[in-house]
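A single chain, nothing else alongside it, follows as structure tokens in the form predicted alone.
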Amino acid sequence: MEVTSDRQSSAAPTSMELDSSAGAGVDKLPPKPEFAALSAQEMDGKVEFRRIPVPPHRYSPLKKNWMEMYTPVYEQMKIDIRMNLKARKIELKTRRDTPEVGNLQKCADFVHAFMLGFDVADAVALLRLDDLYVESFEIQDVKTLRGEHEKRAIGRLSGKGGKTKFTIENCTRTRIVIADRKIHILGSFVNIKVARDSLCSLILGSPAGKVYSKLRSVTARLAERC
């Protein structure tokens, strides 16, 4: 009986022996290779384009702010940008030294936000932050209004001297553009939802004071979560 037990012990290695042998094998593995990040052209192998149409009422602001738009796009994001006067579009193109593929789409969103009416200082945040979006909707999407009723709704959204719009922007940390019937909101997903709910309440006829109080409670709750 003793002989058989000795044979079994010599034939079957213990768990400690297995662990030590596995550890010895891991130590002998070659080091993990490190490769430099591929550029946009190396990953895709071809040049990509984006074209953003320029509405007629944005020609003058575009001429005035061209260098402020050109500098971050060309120098920081490494994307070629030019104005095609014949087609009336801004054209964007990747370069050999474009560091990331997503830079082209970021620049397209930045230019599109400027065309919607946002200031360059506000729209440039789309280049620097990943969780910013632009959402657009019309007054008719919330409630069908015509004539004087629609004009009064636009007046409620802006407030006297733009007070209501500025208050919603400051509370929700968003930027709002009211372009006739269309409303554009720039911000993070959660903040856009809060601002949109406040604007919809104003369109439906809620007084500004009631919207302010609700906005304060919602923003306080969001601050507690953060």
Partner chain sequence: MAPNPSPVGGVLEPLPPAMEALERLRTAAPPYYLTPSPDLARLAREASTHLFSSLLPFCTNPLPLDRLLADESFDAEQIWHQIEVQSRPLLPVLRRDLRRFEKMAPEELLGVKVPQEDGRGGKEEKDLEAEDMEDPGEEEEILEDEQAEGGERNVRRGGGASDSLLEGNESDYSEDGRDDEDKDEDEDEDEDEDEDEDEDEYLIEHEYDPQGDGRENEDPDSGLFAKYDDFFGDKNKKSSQPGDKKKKWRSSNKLEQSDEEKESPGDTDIDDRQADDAELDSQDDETLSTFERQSRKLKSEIEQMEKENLAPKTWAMLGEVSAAKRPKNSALEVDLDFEHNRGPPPIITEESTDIIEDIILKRIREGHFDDVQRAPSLPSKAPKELKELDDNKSKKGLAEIYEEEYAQTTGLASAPLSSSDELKKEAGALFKRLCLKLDALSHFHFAPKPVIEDLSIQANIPALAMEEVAPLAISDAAMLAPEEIFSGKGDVKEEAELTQADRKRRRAKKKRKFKAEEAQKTAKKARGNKNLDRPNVSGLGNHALYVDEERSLFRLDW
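Since this is a predicted model, take the numbers as computed values, not measurements. Positions refer to the first chain, counted from 1.
Below, we turn to the form predicted in complex with its partner chain, even though it does not appear here.
Shown without its partner, this chain lists 157, 177, 52, 171 as candidates; in the model of the complex, only 171 has a non-hydrogen atom within 4.5 angstroms of its partner chain.
Checked against its partner chain in the model of the complex, the candidates 122, 109, 100, 150 yield a single residue with a heavy atom inside 4.5 Å, and that residue is 122. In summary, the region of this chain contacting its partner chain in the model of the complex, judged by heavy atoms within 4.5 Å and restricted to 114 to 122, 100 to 108, 83 to 91, 70 to 78, corresponds to 114 to 122. Residue contact with its partner chain in the model of the complex: residue 65 places no heavy atom within 4.5 Å of it.
Contact check for residue 183: every heavy atom lies farther than 4.5 Å from its partner chain in the model of the complex. Contact check for residue 201: every heavy atom lies farther than 4.5 Å from its partner chain in the model of the complex. Interface residue remark: residue 57 is not counted as part of the site for its partner chain in the model of the complex, having no heavy atom within 4.5 Å. Looking at 176 to 199, the residues that come within 4.5 Å of its partner chain in the model of the complex, counting any heavy atom, are 186, 187, 188, 191.
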